[in-house]
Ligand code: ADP
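Here we start with a single chain on its own, the form predicted on its own, put down as structure tokens.
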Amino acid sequence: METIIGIDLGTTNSLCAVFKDGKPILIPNSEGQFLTPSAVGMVDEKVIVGAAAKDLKVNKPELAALYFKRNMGTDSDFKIGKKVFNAPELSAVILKTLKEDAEKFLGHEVKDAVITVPAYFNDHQRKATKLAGKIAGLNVKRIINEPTAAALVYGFHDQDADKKLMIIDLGGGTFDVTIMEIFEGSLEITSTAGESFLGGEDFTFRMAAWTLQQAGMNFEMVEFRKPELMARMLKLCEKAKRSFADKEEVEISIPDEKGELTDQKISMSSEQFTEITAELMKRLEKPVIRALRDSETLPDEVDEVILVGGATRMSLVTDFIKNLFKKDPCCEYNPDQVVALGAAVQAALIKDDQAVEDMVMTDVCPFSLGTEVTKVFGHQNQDGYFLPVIHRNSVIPVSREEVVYTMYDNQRQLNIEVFQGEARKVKDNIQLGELKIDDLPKHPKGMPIHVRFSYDMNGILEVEVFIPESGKKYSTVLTNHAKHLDEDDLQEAVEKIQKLKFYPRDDLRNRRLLLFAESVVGELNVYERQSLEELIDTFETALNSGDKDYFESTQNHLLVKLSSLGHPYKSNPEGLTE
């Protein structure tokens, strides 16, 4: 089988690894280093990559580009010299360099790769990452979330563990939080949250803005009109930021317009650094609290807090973790390297390597998936509202169903538009696709329509619509995240999705239980009747939800209630009520 390399395509630095001789190992670049700066430059019309391009950005900023990962999935362009590139094209240059480094290290051609992305990357950003891989000549076997990759390393090296982990991943440009449980070789992610535009570079920019202000200069004016000064300023602030690890105060030199150092220096204390970055720390705190809330976890229930990404070395971050979790964070593996190593472990899982045959991993949907619906306010219909079908942090693979209703008498057409996001209005979410139906049966308004979403580990989303009135089903498969699959693999994945589906409403025994419970209602006093009707309503909702756990729970509650009322429900082997 072809070698699959694991790549951490970072905002600030990138690196790759491979699973070899039963363990993940890092691959050095042409300079013998593991970290390759995510920088691209042009010298005499020739592309340069890595450390040389990063240095060029300081001396001749118009000839180099940094931080383009933040613009993945957007229409932003980067001008380098006389040429214009978009973010996927620049990322492809980095990926191609890593690919060549891997081929030199392994001694043979490399075609396949697992590439990591921030857990909170949206659909457009993930597609842009896959496009970058394709441009670089790589077959992207899987896109994996960065915190998940990091957790795989800890799970691989401690497969007998039984503990709950929180992964704090603060890189140069993105921030992710993931909570997961490790037990008996299984890694189960329970929640993930984050922000795609928050990273260590934001702290550096805040330092630069404050320092320039103290020197009597305007940050925005310098940023747009004096690129040499700005580039040098950011490099000096990055170095000063790291110095806070063992210093209470740092001095930052002020460059001139050409980026040359002057005698002017500005002092900054750790207290001042804390003050000017307080807003960033508040933004960092919100995803942490959201992840805890979504997984129904208290801070003291987290056994280990794992740091990932170079920016987690800031004392601001470690102090925040100590205060919230009352424990020191864990840094057993290098925060800069652990994601790439985890991508290599994921590659081994794809290949069914013997060293990982006992490992099982489950992941979650980082975003909600749903459809647009119309709401009625007074006597007016207002469209554009988002109805989640699969909620964020649902364990995948997953299949869920919601019921919607026609808005007009004899409505013949229906357009199920599919969106990803958390906003109340679809205009603030991302559209993934649609399913159009133009032969609805004539019926008064309010005809029920069952909308089912089924989503798997490959990123395949099947949308199915069932019309009870006609008995017809309609479906479409959205493969926005699964471009790496060929037709046979796609067909196999879709067949597996079918096994996820759960249709309790189609089971005769469940319909008979509903009828039996309804027949008991009329025999009860007002208080008992109200209590039973509430359970029947919940059971009827569960019949249409397609959620197996929810259905089984409500079914059990209904059976217990009927028994306590002296009306135990019984059925013979044929499912007929006695």
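The first residue of the sequence shown is number 1, and the count goes up from there. As the structure is a computational prediction, the values presented were derived from the model and not from experiment.
Below: the form predicted in complex with adenosine-5'-diphosphate, not depicted.
J.: Identify, from the list Leu229, Ala102, Met314, Ile390, the residue with a heavy atom within 4.5 Å of adenosine-5'-diphosphate in the predicted bound form.
T.: Result of the distance check: Met314.
J.: Which residue among Glu238, Glu223, Glu402, Glu462 has a heavy atom within 4.5 angstroms of adenosine-5'-diphosphate in the predicted bound form?
T.: Checked against the cut-off, the match is Glu238.
J.: Please name which of the stretches 445-453, 165-173, 135-143, 178-186 has residues with heavy atoms lying within 4.5 Å of adenosine-5'-diphosphate in the predicted bound form.
T.: After filtering at 4.5 Å, what remains is 165-173.
J.: My question is simply whether Thr11 lines the interface with adenosine-5'-diphosphate in the predicted bound form - judged by any non-hydrogen atom within 4.5 Å.
T.: Thr11 belongs to the contact set for adenosine-5'-diphosphate.
J.: Is it the case that Pro287, even though its partner is missing from this view, gets within 4.5 Å of adenosine-5'-diphosphate in the predicted bound form, heavy atoms only?
T.: Close contact is absent here: in the predicted bound form, Pro287 is far from adenosine-5'-diphosphate, nothing within 4.5 Å, heavy atoms only.
J.: So, in the predicted bound form, is Asp123 in contact with adenosine-5'-diphosphate at a 4.5 angstroms heavy atom limit?
T.: It does not: once adenosine-5'-diphosphate is placed as it appears in the predicted bound form, Asp123 has no heavy atom within 4.5 Å of it.
J.: Is there a non-hydrogen atom of Gly309 within 4.5 angstroms of a non-hydrogen atom of adenosine-5'-diphosphate in the predicted bound form?
T.: Yes.
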